[in-house]
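First, one chain by itself: the form predicted on its own, in structure tokens.
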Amino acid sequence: MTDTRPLDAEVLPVGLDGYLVRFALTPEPAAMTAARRFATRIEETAPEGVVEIAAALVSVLVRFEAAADRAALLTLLQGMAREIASGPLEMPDPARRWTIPVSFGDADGPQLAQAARAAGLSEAAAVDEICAADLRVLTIGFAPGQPYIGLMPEHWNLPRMSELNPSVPAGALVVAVRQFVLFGAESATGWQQVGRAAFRTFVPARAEPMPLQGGDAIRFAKASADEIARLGDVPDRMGGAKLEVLR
């Protein structure tokens, strides 16, 4: 995911102990790349006094100790944000890659056919394209551990549905606006359900309750409905997901 267009970066005060570094007001691909790149850099080399870094789709919240040098931190954040916004924009190399089994279509993906049709693909071609895509966790939000994963090619820029689906199950893989969300619990959604995984993004009793991290690479692997049902019975609720450490 590369974009050479320049962006405007803003660094805005948030209360007494934070700055919001914002690259856009809407989820534009270039801004999402910039936000992920900024978050990765500041996580790897956190300035003195920073106590929290929280990335969203097109912005990053940076909180700091009361004793921190606020003016110096502002200058540092502004310089870093402008450098990243000037481009060219490329996603940072991932440190980790997950492969997550998913059952597509039928009862596990009741809206695969309509999503594929809207993307101009057959169901089989849509699944192949999803599983071949080099995706990233763009941010985690809305619910504990819940990832927003992208980006798919432009023909997957599907709108949200005009009416809410009142309930999709835990593990539902839903798609809209070139992104996927993998639900950790039953939920209402305006996105289209194309598959289902046994992987649970948030399990409080697990040694690592929320295993996914922003910037993680994601690959979806086609699995049968029976396999997903079997993986769902494994106590760790990892659903057959495999983690590869890249660096």
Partner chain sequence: MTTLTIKRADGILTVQDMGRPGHLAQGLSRGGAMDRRALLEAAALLGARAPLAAIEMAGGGGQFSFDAPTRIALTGAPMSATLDEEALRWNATHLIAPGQVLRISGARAGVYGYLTPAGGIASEPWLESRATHLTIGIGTTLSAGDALPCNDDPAPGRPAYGLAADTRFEGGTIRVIDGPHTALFDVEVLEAFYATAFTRGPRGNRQGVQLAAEPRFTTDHAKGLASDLIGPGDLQMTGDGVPYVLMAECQTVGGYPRIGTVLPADLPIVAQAAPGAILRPRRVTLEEALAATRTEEAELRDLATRCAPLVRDPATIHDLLSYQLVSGVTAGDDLERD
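Residue numbers count along the first chain shown, from 1. Computed from a prediction, not measured in an experiment: that's the story for all the values here.
Only in words, not in the display: the form predicted in complex with its partner chain, which the text now covers.
Although its partner chain is omitted here, in the predicted complex all of Leu16, Leu20 and Pro209 have a heavy atom within 4.5 Å of it. Between the options Arg41, Arg219, Lys222, Arg70, the residue in contact with its partner chain in the predicted complex by a heavy atom within 4.5 angstroms is Arg70. Contact with its partner chain in the predicted complex, judged by any heavy atom within 4.5 Å, is made by just one of Ala113, Cys131, Met161, Ala143: Ala143. Only one listed stretch (166-174, 134-142, 119-127, 75-83) carries heavy atoms within 4.5 Å of its partner chain in the predicted complex, and that stretch is 134-142. Remark: Ala46 does not count among the residues lining its partner chain in the predicted complex, judged by a heavy atom distance of 4.5 Å or less. Residue contact check for Ala66: one or more of its heavy atoms lie within 4.5 Å of its partner chain in the predicted complex.
Contact annotation for Val181: none of its heavy atoms lies within 4.5 Å of its partner chain in the predicted complex. Residue contact with its partner chain in the predicted complex: Pro29 places no heavy atom within 4.5 Å of it.
Counting a residue when any of its non-hydrogen atoms is within 4.5 Å of its partner chain in the predicted complex, there are no hits in 160-184.
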